[in-house]
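Heads up, the chain below is alone and in the form predicted on its own; it's given as structure tokens.
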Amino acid sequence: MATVRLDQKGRALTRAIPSSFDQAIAKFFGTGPTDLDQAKAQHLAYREALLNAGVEVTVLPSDDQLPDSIFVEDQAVVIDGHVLLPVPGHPSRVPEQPPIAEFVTRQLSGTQVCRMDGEARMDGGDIIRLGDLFFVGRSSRTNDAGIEELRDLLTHLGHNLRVIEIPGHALHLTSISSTPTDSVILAPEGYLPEDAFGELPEGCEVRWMPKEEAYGCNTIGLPNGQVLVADGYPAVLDAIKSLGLEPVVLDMSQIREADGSLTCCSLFY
């Protein structure tokens, strides 16, 4: 989940891979998973990496009626203990939300829960956080009405929001960027203009990676100084090492085939 600071990544929700995973929506990074056993092994290694980093991991049961349901990041937005339940941007993904919403609201009982309605649409994968500054992608899955509902919540919490235009050949903001630390954004050249993120707070920076390593720009920074990194992206790997962080390299090939990235598969709360 890209809406929490490093020190808020103590617990993560994941969801098991369904037998229908080969039918997941695939348009941007892949053409659809082809090896279910390999996908399950990769997802297990992902969960184990979080556990080894000291994160408490919960796994919800799979649902064979919902091929994309492992991508829990899109279904709830957790910001400083507040929960925003968006209307997912793709109609087929709307039924994924109820068990995730039930779990998160139970775990964060007593907190404020907001639900989007009307024409508002948003995937959680369109949001990243840099300290207390938030960015949201206006994309094929997130519209202006959804952005305004997010802005209302962030304004209430005293945070600022900036809008990033996502190009048509990218799915989400997190598909092409991430914050491995609370002061660094990784993003690929050729997808966004150099001034896309605007002037950043002192001590913060954007590190631009080669265009062909766009997928690798999605990383998960963890409180223990480790960063989960997809295998096969040497420039991203070097960038993580240059920050003095320890990369944990994971094979994400089958997850990628379903247009999924590292952050897609977990919801920190």
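Residues carry their position along the shown sequence, with the first being 1. Values in this document were obtained by computation on a predicted structure and should not be read as measured data.
FYI, the form predicted in complex with citrulline isn't displayed, but the following is about it.
Peer 1: Which pick from L245, I17, A258, A12 sits with a heavy atom within 4.5 Å of citrulline in the model of the complex?
Peer 2: The residue in contact is A258.
Peer 1: Is L171 close to citrulline in the model of the complex, meaning a heavy atom pair under 4.5 Å apart or at it?
Peer 2: L171 belongs to the contact set for citrulline.
Peer 1: Against citrulline in the model of the complex, would V249 count as a contact residue? Criterion: heavy atoms within 4.5 Å.
Peer 2: V249: no contact with citrulline in the model of the complex.
Peer 1: Can you check whether C264 is within 4.5 Å of citrulline in the model of the complex, heavy atom basis?
Peer 2: Yes, C264 lies within 4.5 Å of citrulline in the model of the complex.
Peer 1: Look up in the model of the complex whether G125 has a non-hydrogen atom within 4.5 angstroms of citrulline, and give yes or no.
Peer 2: G125: yes, in contact with citrulline in the model of the complex.
Peer 1: For the chain seen here without its partner, which of 64-72, 35-43, 199-207, 220-228 has a heavy atom within 4.5 Å of citrulline in the model of the complex?
Peer 2: Stretch with heavy atoms near the partner: 64-72.
Peer 1: Does each of I25, R141 and S175 have at least one heavy atom within 4.5 Å of citrulline in the model of the complex?
Peer 2: Result yes, every residue of the spot touches citrulline.
Peer 1: Pick out the residues of 80-101 whose heavy atoms come within 4.5 Å of citrulline in the model of the complex.
Peer 2: Going through 80-101 in order - heavy atoms within 4.5 Å of citrulline in the model of the complex - there is one hit, R93.
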